[in-house]
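Only one chain is shown below, in structure tokens, and it's the form predicted alone.
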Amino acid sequence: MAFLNDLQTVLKRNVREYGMYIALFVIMGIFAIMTDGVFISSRNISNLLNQTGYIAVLAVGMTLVIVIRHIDLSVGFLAGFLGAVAAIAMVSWKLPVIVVIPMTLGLGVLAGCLTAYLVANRGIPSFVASLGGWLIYRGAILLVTISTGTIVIPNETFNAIGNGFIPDIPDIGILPNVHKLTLLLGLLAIVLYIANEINQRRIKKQYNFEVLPINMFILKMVFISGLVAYIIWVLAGYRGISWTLVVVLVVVAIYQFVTTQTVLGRHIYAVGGNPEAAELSGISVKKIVYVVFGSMGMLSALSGILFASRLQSATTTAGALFEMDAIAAAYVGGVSAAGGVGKVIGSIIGALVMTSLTSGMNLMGIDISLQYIVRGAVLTAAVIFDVSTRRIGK
């Protein structure tokens, strides 16, 4: 009885944070049943994570943009345009991949800073400034692909980013049909997670901060460790961890550290919570706008690289509706429309929720028109949930 009371209390206090995990678990469970297990097969889970990659990195950047009370509608076609630029640089300019990728990311930063200039220095609403970028980059894609329509990328190294998998260790006769390096990395991740959770709990108790009851703390670690172990085992049963997933995990790790462990991260959330108060306390709101939009531009470039690599080509339609998927993932992942609230991890979960809906409905043969309706309903429900929890909090 005490266990159930503790569980109910924890869920009520953290409904915003845990709600998205519960939603993802329920969605995956429903599709697993409706598709007779095909949805949770090794091949489909691997494909699902790869499909989520280019939206996930956009969702990370979009989360910070929304946190500071802005929006960026240009990211979709910016990603498509920069993916096309990367393709042209390799195919027509004969530049090596080691030059193309940093160049493309740098162009993304410049594009993001241009939007930031319009917002921070000219006072143009971010919706209007980024809408202008949306139109410009849409036209730019058509312009650079007007002669061929599709630019095929023959570079194997570049294409491996979106289609390749990490190598395995030599076969030693143990688990011959399983990707052993993936298992070892998964085990290491679980050990590091448990060690970090224990250390964080110890530090909080030293400063008399509130911590989870010990039974809930153990349950949380067991649940997350078990979930990670299951995903790793499923991936190891196919071809292991893809390079796309590696890129996403690196991005998440960097942004999670910046937003939770650095002064810059605290300033970003301070600006989102109350820009006027942040300015009065000595934080340069303009600089934060430049940092966040510049970061968004860089992640747009990375998204374009992942998408072009996955398709092994750049097309005229690349980037279409990417921005909507990223915004939806951010909101489903727990970011608040009012600003100041939102986590990087949440945006990844949100991206998985939206991609899982698409993948599951495709496997069930549901018409595309109904798919849009369902995804729109999920997004609306996420925003309603956000508003409701904020009212309860007050």
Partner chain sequence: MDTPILEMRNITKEFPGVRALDNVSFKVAEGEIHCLVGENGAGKSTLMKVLSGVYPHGEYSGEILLYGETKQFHSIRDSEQAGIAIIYQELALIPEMTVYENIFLGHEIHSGIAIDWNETIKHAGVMLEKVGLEVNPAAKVKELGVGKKQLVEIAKALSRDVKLLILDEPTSALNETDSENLLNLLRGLKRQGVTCILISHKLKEVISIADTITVLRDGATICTLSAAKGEVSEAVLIKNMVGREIENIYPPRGQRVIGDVAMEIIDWSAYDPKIGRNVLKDVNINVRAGEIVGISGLMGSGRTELARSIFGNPMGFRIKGEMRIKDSKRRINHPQEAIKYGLAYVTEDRKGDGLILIQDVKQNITLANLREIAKRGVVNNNAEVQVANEYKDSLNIKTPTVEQRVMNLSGGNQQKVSLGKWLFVKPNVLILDEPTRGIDVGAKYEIYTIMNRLVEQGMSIIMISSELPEILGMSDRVYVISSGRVTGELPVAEATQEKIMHLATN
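Between two forms, the rigid core is the largest collection of C-alphas that superpose within 1.5 Å. Computed from a predicted model, the values in this text were never measured in an experiment. Numbering follows the first chain given and starts at 1.
This next part talks about the form predicted in complex with the partner chain, which is not shown.
Partner contacts here mean any heavy atom within 4.5 Å of the partner chain in the model of the complex, and among 224 to 232, 261 to 269, 107 to 115, 152 to 160 they occur only in 261 to 269. Judged against the partner chain in the model of the complex with a 4.5 angstroms heavy atom cut-off, the residues I203, A277 and V341 are in contact without exception. Note on contacts: among P125, P213, G273, G164, the single residue with a heavy atom within 4.5 Å of the partner chain in the model of the complex is G273. Exactly one listed residue, out of S92, S281, S147, N177, brings a non-hydrogen atom to within 4.5 Å of the partner chain in the model of the complex: S281.
Using a 4.5 angstroms threshold between heavy atoms, F257 counts as touching the partner chain in the model of the complex.
Residues are counted as partner-facing when one of their heavy atoms sits within 4.5 Å of the partner chain in the model of the complex; in 204 to 237 these are K204, Y207, F209, in sequence order. The Cα shift for E210 between this form and the one not shown, taken after rigid core superposition, is 2 angstroms or larger.
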